[in-house]
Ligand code: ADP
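This document starts with one chain, in the form predicted alone, laid out as structure tokens.
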């Protein structure tokens, strides 16, 4: 089994306005190369969890370990191995041109100029934005800005990539392209992913393990198929169950017993097999 690179045990955080967020219940962990999705209703603490893993927040109680270190105590050491992509890409794009923005962290870390140029060109090619290298980021489309932000986050090949609602507000084409890129980095570079999302329909494409936060606890940890069987739990957590999970439930209510599908293709196949059995019967 792959080594744990993130461990969060019974974390509690109190903000200055006295708002309190807990993460007791099930242990939260991320293993090398794993794709982890964190879901939950508004105010459940998804972003708070990411900020603790980054080392930006300090726990009031409990323990956070990233690569065996406390991220708030060993911030610089931990951040060398972490890439971060925020929900609003514009907030993390600082350079006057695309290539200068993507090179920003490498320059700060003292990489040689020739190596910076090589690494920047390589990641711009992988993200399919090399023609934008001389462009001013401010004038790019929303989807292009997300790709620039992603390129800057992974240019140094981090072992862990943290993403806060990375697909929020994206059109289907750009969302699919971004998911393809994330999966590419995960498969080719072994980059572990931890992302928060409200869109449960994308989970089969982007997640190996899912954590559900609700009521100050981690109330679910499991695979996507296991989550899709928990429609009542999702509804109680103020989340809309995935379309395919609702379809499966409605079919079962009508006496059609099929496995919960993870894609429209699987749904069609399950229904086809059910109809074939009826025909043979």
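Positions refer to the first chain, counted from 1. Predicted model, so just to flag it, every value in this text is computed and none were measured.
Omitted from view is the form predicted in complex with this ligand, to which the following refers.
K.L.:
Using a 4.5 Å heavy atom cut-off, state whether residue 242 contacts this ligand in the predicted bound form.
P.N.:
Residue 242: no, not in contact with this ligand in the predicted bound form.
K.L.:
So in the predicted bound form, does any heavy atom of residue 47 sit within 4.5 Å of this ligand?
P.N.:
So residue 47 counts as contacting this ligand.
K.L.:
Considering non-hydrogen atoms and a 4.5 Å limit, does this ligand approach residue 15 in the predicted bound form?
P.N.:
Yes, residue 15 lies within 4.5 Å of this ligand in the predicted bound form.
K.L.:
Look up in the predicted bound form whether residue 269 has a non-hydrogen atom within 4.5 angstroms of this ligand, and give yes or no.
P.N.:
No, residue 269 is distant from the partner.
K.L.:
Residues in which of 64-72, 224-232, 242-250, 34-42 have heavy atoms within 4.5 Å of this ligand in the predicted bound form?
P.N.:
Result of the contact check: 34-42.
K.L.:
Using heavy atoms only and a 4.5 Å cut-off, determine which of 21, 262, 10, 258 is in contact with this ligand in the predicted bound form.
P.N.:
Contact residue from the list: 21.
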